[in-house]
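Below sits a lone chain in structure tokens, taken as the form predicted alone.
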Amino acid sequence: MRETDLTSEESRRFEVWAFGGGKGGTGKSALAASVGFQLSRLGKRVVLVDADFGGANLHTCLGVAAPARSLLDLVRAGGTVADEYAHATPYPNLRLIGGRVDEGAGGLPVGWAARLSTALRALPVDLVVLDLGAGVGPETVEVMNLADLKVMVSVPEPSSIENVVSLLRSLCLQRLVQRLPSNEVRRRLQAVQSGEAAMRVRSVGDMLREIEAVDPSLLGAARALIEEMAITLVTNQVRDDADRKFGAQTAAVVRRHFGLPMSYAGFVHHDDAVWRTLRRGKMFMVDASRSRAAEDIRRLARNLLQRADQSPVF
């Protein structure tokens, strides 16, 4: 591909992807780093962003030192130019905006999420890959809702379904609260985000009924806001055939019972090569490039590009 093809605004298909999950320990950061690396190998200009406020470790997955300036520094400075925070890595086409490991996200300025979205989308790249913190904290949900493609990372355990659904519920409620043009509807939805009222709103259908009770004319807009969300599931640390089926089954449960159009992108096998290379401070996809998990990552990256309606560059 010619350099002019890479930089042409007409041919550029910009995407922001976010890797999140309802719990820690799923290997989400290593997965985000590995997918970002593989995308860069396919010719995409990629910036990895550590958006795990206060628990940053994405740099360790790349085998590099923590950058001097972090995403939190950008957010707190109130700027909209992220390029100067994107540090080079040893790998072509791949840069990193690191996170802070010494503090949480307390005291973020008003309007930080909108400014962050503007800054990320102004980056001169093809893809921004966000590694989010675990759980359903407000900052995590806020950043995930900025992404064009939301990648839910789970492990093949029954509790993962509950964790994934909890994050999906928070994402949908926040999206509706922020975008529906009715103060009364927003107050109604905010009331069911926590407390006793939360028990009656467990699915998209429940949310729509809450909206209908206040303003039926907004039902169409609410459905459109939910249906346009691009959400896919990845199962990590798969060990056997039952585990391999878990992700597709979980996505089907979410579609049927939660009412959200979730797709399934694939799985990555449990592989001791991953933790061995991370323990040595190496990049897994380089140090163990012939492992089974590395092959899974290469297949997953292709699947995610197809899910985002992009074509790999070979």
Partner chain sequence: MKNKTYYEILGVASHVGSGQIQAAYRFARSLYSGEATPTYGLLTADERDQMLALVEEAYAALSNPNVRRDYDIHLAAQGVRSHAQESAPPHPEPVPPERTRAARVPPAPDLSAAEPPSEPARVPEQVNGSVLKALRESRHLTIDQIAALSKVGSRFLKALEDDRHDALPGRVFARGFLIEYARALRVSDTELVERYLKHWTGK
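This is a predicted model, so every value here is computed, not measured. Positions refer to the first chain, counted from 1.
What follows is about the form predicted in complex with its partner chain, which we do not show.
Does its partner chain come within 4.5 Å of a heavy atom in each of 67, 123 and 148 in the predicted bound form?
No, none of 67, 123 and 148 comes within 4.5 Å of its partner chain in the predicted bound form.
Let me know the one among 250, 60, 26, 38 whose heavy atoms come within 4.5 Å of its partner chain in the predicted bound form, would you?
The option sitting close enough to the partner is 250.
Listed residue (117, 178, 193, 203) with a non-hydrogen atom within 4.5 angstroms of its partner chain in the predicted bound form
Result of the distance check: 203.
One stretch from 136 to 144, 150 to 158, 86 to 94, 67 to 75 that, in the predicted bound form, holds residues within 4.5 Å of its partner chain by heavy atom:
Result for this chain: 150 to 158.
Would residue 208 show up as a contact with its partner chain in the predicted bound form if we use heavy atoms at 4.5 Å?
Result yes; residue 208 sits at the interface with its partner chain in the predicted bound form.
With the cut-off set at 4.5 Å between non-hydrogen atoms, does residue 54 touch its partner chain in the predicted bound form?
No - in the predicted bound form, heavy atoms of residue 54 and its partner chain never come within 4.5 Å of each other.
Using the partner position in the predicted bound form, report whether residue 279 sits within 4.5 Å of its partner chain, counting heavy atoms only.
No, residue 279 stays farther than 4.5 Å from its partner chain in the predicted bound form.
Please run the contact check for residue 223 against its partner chain in the predicted bound form: heavy atoms, 4.5 angstroms, yes or no?
Result yes; residue 223 sits at the interface with its partner chain in the predicted bound form.
Looking at its partner chain in the predicted bound form, which residues in 41 to 63 have at least one heavy atom within 4.5 Å of it?
Contacting residues: none.
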